[in-house]
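Next up: a single chain in structure tokens, the form predicted on its own.
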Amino acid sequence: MADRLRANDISPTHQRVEIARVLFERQEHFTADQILGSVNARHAEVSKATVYNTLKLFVEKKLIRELIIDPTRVVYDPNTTPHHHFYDTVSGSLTDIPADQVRVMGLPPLPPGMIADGVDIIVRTRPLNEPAMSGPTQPE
């Protein structure tokens, strides 16, 4: 893990290495609180601020992706290759969708002086027998 951090110009402190280990060992989508709990279950205390600051640094260095699932849920994805997601609104699970399985036919004109930096598609799903959710995550 230390070598991976160094390769991304990140100083490999003990806390950063442990946070990276949680993210990359299982290749899952974790919330900051889940990362905090996993790191603290294995080793001495790491503060919530340290976890958030480290995640912000990892995102800035493009080591991980930040996914805003809805206004109350943010997860961190160690898979930085182009891909999209299925999000089960009942269980909260995320599943990767390979980028070549999704086609975007076009984007609206971008604001003046801006370029597209990426497109993230989250397909929200639910089991057939579950009632539709109301609120901002329900497609119209």
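Start at 1 with the first residue shown and count on from there. As the structure is a computational prediction, the values presented were derived from the model and not from experiment. Rigid core (definition): largest C-alpha set, two forms, superposition within 1.5 Å.
What comes next is about the form predicted in complex with a further copy of the same chain, which is not displayed.
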Worksheet item: Taking heavy atoms and a 4.5 Å cut-off, does Ala41 contact a further copy of the same chain in the model of the complex?
Response: no
Worksheet item: Would Asp70 show up as a contact with a further copy of the same chain in the model of the complex if we use heavy atoms at 4.5 Å?
Response: yes
Worksheet item: Should Asp88 be counted as a contact of a further copy of the same chain in the model of the complex, where contact means heavy atoms within 4.5 Å?
Response: yes
Worksheet item: With a 4.5 Å heavy atom cut-off, would you call Asp120 a contact of a further copy of the same chain in the model of the complex?
Response: yes
Worksheet, complete the sentence: Of the residues spanning 92 to 120, the ones with some heavy atom within 4.5 Å of a further copy of the same chain in the model of the complex are Ile97, Gln101, Val102, Arg103, Val104, Met105, Gly106, Leu107, Pro108, Pro109, Leu110, Pro111, Gly113, Met114, Ile115, Ala116, Asp117, Gly118, Val119, Asp120
Discussion item. Relative to the superposed rigid core, does Leu110 relocate between this form and the one not shown - that is, does its Cα move 2 Å or more?
Written reply: yes
